[in-house]
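What follows is one chain in structure tokens, specifically the form predicted on its own.
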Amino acid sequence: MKLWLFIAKRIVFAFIAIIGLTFIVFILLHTAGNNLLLSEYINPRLTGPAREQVIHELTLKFHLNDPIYVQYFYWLVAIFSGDLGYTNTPIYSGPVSGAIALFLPNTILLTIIASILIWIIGVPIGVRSAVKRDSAFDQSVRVVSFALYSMPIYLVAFLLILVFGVYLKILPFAFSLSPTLASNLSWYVNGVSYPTHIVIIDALIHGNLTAFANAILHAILPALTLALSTIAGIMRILRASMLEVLDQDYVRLARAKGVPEKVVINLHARRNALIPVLTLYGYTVASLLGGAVVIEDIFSYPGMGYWTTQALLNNDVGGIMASTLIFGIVFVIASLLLDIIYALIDPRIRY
């Protein structure tokens, strides 16, 4: 199958998956009835005829008297037009699109940092563990990876907080910026920085190197927790893949020809062993957004996860459904990109 045809098929499948995801979210949104949906838009202090008038207007706006498939069609049109509804939480009240614009950048930043940490920590350790098979280093890596694999993500977070935040006192473990420092900044309001809403970048834009360094310190523990919670899978898959590749005939031939061991491992073995790791890595990066819901709440880091937790605690249907939809779409797009990259690396995948 030609590459362009393979990519076109995957794009069609991804589009179908997104449509299916919107249908599930729509059904969940209407499972609790129209009252919960309308409550997001009605002032609780409004009573009497004025309240009835607002309910009537909202019923017409959302076509709540029409059949369910008609409601879904209009809801879908609104979604693709950028109207994701309304959210009302203690940290933000207003259109959902506004909340996403404020909080998603910080989550993307944490995900990128965690993804980099997973690669630069997990790949070298996984390779060395396979090369030093059954050594003390290999046994230690296996024990640590088993421990990380079995530990819930919040426990990893609490351990890091106790070690680096409480006992060593070298890293902050709450907020994205020190409250004392943030109180003197005009571009940092209610936990959100302006104009990009990524405090590290905004600090550079405003030329405040103190805030820049402080923001980096605040991002280390949340990103490291995200990375450690998923890095065990990368190390174990890469170790197993390396062990399989090291037993292949072409690797033995390279060694028999006198090729230096460093070249055999880095050029011949590791490159082929990374193919199955790339698959897991792509899904791992996509799943980091789900892990961010817990991590950002533990560290009070103002991202999509923190906002989603606030929406859950306050029965904010608009925020819960919108975040579910956004996380799902990101996962589908990540899977699509992964399939394309995989097809470019290994042409056998297309057949």
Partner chain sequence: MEKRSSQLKLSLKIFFSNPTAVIGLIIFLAYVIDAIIVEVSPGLLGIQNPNQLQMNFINPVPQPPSPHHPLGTTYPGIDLLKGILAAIRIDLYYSVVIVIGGAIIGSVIGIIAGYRGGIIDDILMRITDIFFAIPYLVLALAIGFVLGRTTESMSIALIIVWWPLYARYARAQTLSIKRMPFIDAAKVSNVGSLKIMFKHVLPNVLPPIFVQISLDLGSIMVIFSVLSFIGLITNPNLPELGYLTSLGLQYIQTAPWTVIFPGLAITIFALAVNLMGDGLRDLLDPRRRSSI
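Predicted model only: the values in this text are computed from it and were never measured. Positions refer to the first chain, counted from 1.
Below, we refer to the form predicted together with its partner chain, which is not included among the displayed structures.
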Within 4.5 Å, heavy atoms only: does F146 come near its partner chain in the predicted bound form? yes
Self-check item: its partner chain contact in the predicted bound form: L64, any heavy atom under 4.5 Å
Solution: no
Would you check, heavy atoms only and a 4.5 Å threshold, whether I341 touches its partner chain in the predicted bound form? no
Would you please decide whether P152 lies within 4.5 angstroms of its partner chain in the predicted bound form, comparing each non-hydrogen atom pair?
yes
- May I ask whether L29, L313 and S323 all come within 4.5 angstroms of its partner chain in the predicted bound form, judged by heavy atoms? yes
Partner-free chain; cross-checking its partner chain in the predicted bound form, the single residue of L217, L168, L159, V189 with a heavy atom within 4.5 Å is L159
Heavy atom within 4.5 Å of its partner chain in the predicted bound form, from candidates Y92, Y86, F173, W75, belongs to F173
